[in-house]
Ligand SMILES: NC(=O)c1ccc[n+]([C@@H]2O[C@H](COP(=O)([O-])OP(=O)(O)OC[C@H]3O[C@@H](n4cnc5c(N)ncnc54)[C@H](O)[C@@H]3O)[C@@H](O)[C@H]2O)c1
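As structure tokens, one chain now follows by itself in the form predicted on its own.
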């Protein structure tokens, strides 16, 4: 790999293990200085272990450093940005990857689990970007030739397909797409890009999948064969100068397959030009004009239940 990111500074959250670790390693190999932001919590967000982040930084080597405070507060996010800037003199790349899981059917849900998942998977990403983007913009204004600020949010197909028992996780991951679009628009004039990537890879998340049928069992078996390196390579591309024109997009990476997702836009329309709608006229219009455009009620496990290219 060429050192196309030489001298750049990257913050990667949840980089102590799994996809985050692979991304941090790939960015480091491309020449970036990497801040491993990981408190080392378990998959449900409990039992923090600061050695996870430090071990990852040592494993990656180079000039990698660890930040092991949790990021579920604006204060912690600001501390992370200050730590990166004080250590390396700048910030160029932010990858929001950290996530936890607390699954349950909506009719059995615990509101405290909702709060924890949204706080970690969505609010923390916002806090970090709110703290980092002023510095990214300032760097861009100081150097008109500098157009290399990069933001990548790691989302999930569960956020767009939904999944059984994942109201909290899916909602947070769907929220990341809205955040991605808004930030891409806010940062466009500064030449800073923001994209979202839904990964397919072996992680602690895929290991927790409890198949409800044979097709889901096959999906899990395939997912556990997918290395995270493919996702890391694509994220590195998004951080490269070659991806300067790519922003506000939603991608997925599954092995050697890369998908571009469409984003919600009007697909079909029905209009009553003569009078106000009634329940009866709406019933007819929906069936005749809109029903054929309904989105299938399927999970991402069914939608991607095909053999990946590895």
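Residue numbers count along the first chain shown, from 1. Predicted model, so just to flag it, every value in this text is computed and none were measured.
There is another form of the same protein, the form predicted together with this ligand; it is not shown, and what comes next is about it.
_Is it true that 71, 98 and 204, all three, sit within 4.5 Å of this ligand in the predicted complex, judged by heavy atoms?_
Spot residues vs this ligand: full contact, yes.
*Using a 4.5 Å heavy atom cut-off, state whether residue 169 contacts this ligand in the predicted complex.*
So residue 169 counts as contacting this ligand.
*Hey, in the predicted complex, does residue 39 get a heavy atom within 4.5 angstroms of this ligand?*
The answer is yes: residue 39 has a heavy atom within 4.5 Å of this ligand.
*asked:* Just checking whether residue 154 would be counted as a contact of this ligand in the predicted complex - the rule being heavy atoms within 4.5 angstroms.
replied: The answer is yes: residue 154 has a heavy atom within 4.5 Å of this ligand.
*At the 4.5 Å heavy atom threshold, is residue 149 in contact with this ligand in the predicted complex?*
Contact check for residue 149: no, nothing within 4.5 Å of this ligand in the predicted complex.
*In terms of non-hydrogen atoms within 4.5 angstroms, which of the given stretches 234-242, 83-91, 196-204, 105-113 touches this ligand in the predicted complex?*
The contacting stretch is 196-204.
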